[in-house]
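The structure tokens that follow cover one protein chain in two forms, given apart as structure 1 and structure 2.
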Structure 1
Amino acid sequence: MVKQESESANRPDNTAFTQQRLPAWQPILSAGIVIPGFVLIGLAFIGIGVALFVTSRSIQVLELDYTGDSNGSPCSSCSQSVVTNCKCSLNFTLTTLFQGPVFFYYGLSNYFQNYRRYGASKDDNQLYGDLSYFTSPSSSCSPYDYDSSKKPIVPCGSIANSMFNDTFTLTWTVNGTTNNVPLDGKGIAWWTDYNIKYRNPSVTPLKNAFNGTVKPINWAKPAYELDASDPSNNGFVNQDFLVWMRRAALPNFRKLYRRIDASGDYQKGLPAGNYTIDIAYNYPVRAFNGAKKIVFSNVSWMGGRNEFLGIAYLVIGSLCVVMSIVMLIVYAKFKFPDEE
């Protein structure tokens, strides 16, 4: 009897799991399921692709290069020499209304904001408003952590130091009158950036927080004076600064400069007419074969103009359909006689 009990003790548990007999759904990727599936997916993709493509086509984009490479271009004089406060202007004409809302971008090419050392060259604690990091910036900011007189640089690091400093004003000339197009610099950076991720030290006035520090070498103005018009748009939460601090993924990139303020004449966008952009040309790019441009673009629900997505959807969708036809042929030719 003892033996009997020990036997049953040694007996494995007879459960569905231990016996590998759990109830299961056993799908097979057979032609019968895949072919109709592919047709469906293909058709859906083609539909989406068409929609995207049409939407993308309706988006207006105006790109103006102002690097000044060639001699004829308006900014060539500025690009040639190392003139400070060089000004140049760019003219363009709109024959029809540029549908609003219109976004004003600046673009750089061949500019590697994604260099690793460059990207690491900032001090997040400092930018979070922690005063202890004002006096001793992180070593990752090197060589832009201290200036030649060993004073700490705030904001430190390569990214901040290389902040884009061309400025633009846009004027609209219609019927001989020149109007300044109002540009809105609010909300060009991520909301979370200027509200949470970056903070100014809670010192009033802000200027006092920067006592004992110096501004980045390439900067004309200290951080607390970046925006003279709006005191709350200064320091680390200055939106131009924040736009710059969000590193671009690829060497050719755009960054949002301003939005055309949709008020008055510009409610529907940029009306037809002649426009002039006055550029304060400060930012050197020619040394590394870079280029600068100005881009006006409106957006749809799918963002700016990007034909890639629509075309890709169309291609993948048609591929699905083609493949399902190929599979059908293969299936019909080789499978049916076999099945009897």
Structure 2
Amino acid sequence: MVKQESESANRPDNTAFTQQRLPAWQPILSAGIVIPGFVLIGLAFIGIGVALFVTSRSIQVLELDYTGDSNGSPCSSCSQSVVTNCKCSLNFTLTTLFQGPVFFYYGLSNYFQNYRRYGASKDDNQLYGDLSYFTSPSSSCSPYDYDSSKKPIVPCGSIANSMFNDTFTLTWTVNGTTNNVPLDGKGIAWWTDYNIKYRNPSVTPLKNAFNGTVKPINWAKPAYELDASDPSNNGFVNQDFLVWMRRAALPNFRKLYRRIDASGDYQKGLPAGNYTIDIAYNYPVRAFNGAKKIVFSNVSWMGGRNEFLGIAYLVIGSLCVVMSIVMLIVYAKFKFPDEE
């Protein structure tokens, strides 16, 4: 009697769900369903692929290498390791309007920001504005946590120490007159980085928060003086700093430097004409066989130029169509008698 009561207590409820009596639908995949399905999916993928590929090809991209490897390069004299505070210029001509909005990038090659120890070399608490970590940086920043005098480095770590520091000025020459092209550096970093991930200490003036610390070894200016023209764009929320701190996944990458301000003569983009980029050449890359370039690009509804996505859709769509043809041939030749 006791055994029967125990079994009844452990028995699941007599419902359709617990007793697995729910109605179910199991499709029977026949040739009449699978083959047309493959054809429709293939045609849809091909259509999307064509749209993506054509759109990507319509995006304008201009790349200018300024590494200075060759003797004929305008920046060849600046690429030598013994040269400091060097300036060079690149000239280029646009024969037609470069449609806006126009984005101004810098690109680096053979630079492995995805290296694990490099990526871990930072102090998130310090970058969030915690003053206690200003005087005692995390050991993960080593060897860029203290300088030779044992003073704490802020911001510490390899990523911050290697921040890209070339600067650019763009001018447009028309009818013998040289005009500065307005560059907009606001909002170029991720919103989450600027508003959530990075914070400046709640100290006024900001300079006082860095008392007793030193700037990274390779920096020309401390963090609180990164932008002399805009006091709100200093410290750990500096736009260029935020862009650099978001590491690239691949060794050849580009990062957003500025946007062309769509005002005045540049409302529709960069007009045709002769342009000059004045470069403050500070960032060395020849030691690791790297390369530097400047990239101008506009965007479309699908973003920047990416032909791979369109090609991938075309390949998958074509494979689906080919497979449907193969299945049709096999079905027509080997179909079972009861399907006739």
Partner chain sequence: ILCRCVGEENWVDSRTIYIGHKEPPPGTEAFIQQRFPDNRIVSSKYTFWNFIPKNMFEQFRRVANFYFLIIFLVQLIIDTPTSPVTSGLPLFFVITVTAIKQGYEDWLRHKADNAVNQCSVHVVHHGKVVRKQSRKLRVGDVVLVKEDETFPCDLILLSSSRDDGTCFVTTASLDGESSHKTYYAVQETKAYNTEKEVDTIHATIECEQPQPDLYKFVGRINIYMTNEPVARPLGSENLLLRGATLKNTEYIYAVVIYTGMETKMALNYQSKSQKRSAVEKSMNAYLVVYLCILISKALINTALKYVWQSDPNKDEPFYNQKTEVERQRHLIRAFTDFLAFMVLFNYIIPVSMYVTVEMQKFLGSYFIMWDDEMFDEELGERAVVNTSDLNEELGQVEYVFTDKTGTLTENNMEFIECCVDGHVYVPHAICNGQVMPGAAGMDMIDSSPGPAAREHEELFFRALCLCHTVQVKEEDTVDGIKHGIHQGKSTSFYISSSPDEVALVEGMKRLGFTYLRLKDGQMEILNREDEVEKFELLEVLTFDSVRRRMSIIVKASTGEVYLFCKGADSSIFPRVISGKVDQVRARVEQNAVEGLRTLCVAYRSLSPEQYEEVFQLLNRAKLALQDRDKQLAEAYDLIEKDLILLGATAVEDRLQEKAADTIESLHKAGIKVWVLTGDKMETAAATCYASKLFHRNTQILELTTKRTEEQSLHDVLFELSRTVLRQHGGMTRDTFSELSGDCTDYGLIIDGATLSAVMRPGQEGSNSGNYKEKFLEICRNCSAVLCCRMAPLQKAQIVKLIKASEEHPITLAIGDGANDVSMILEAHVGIGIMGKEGRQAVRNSDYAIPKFKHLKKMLLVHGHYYYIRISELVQYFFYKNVCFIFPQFLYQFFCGFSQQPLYDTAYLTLYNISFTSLPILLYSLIEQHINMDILKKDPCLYRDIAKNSLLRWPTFIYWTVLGVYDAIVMFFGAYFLFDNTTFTSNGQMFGNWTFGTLVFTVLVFTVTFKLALDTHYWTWINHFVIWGSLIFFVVFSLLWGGIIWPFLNYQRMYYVFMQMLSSGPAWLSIILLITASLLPDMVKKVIWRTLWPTTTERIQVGTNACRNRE
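Remember, predicted model here, so these are calculated numbers, not experimental data. Residues are numbered by position in structure 1's sequence, first residue being 1. Basically, rigid core = biggest C-alpha set you can superpose within 1.5 Å across the two forms.
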message: Two copies of the same chain, shown separately. Which of them is the form predicted on its own?
response: 2
query: Is residue 329 among the residues whose Cα moves by 2 Å or more between structure 1 and structure 2 after superposition of the rigid core?
result: no
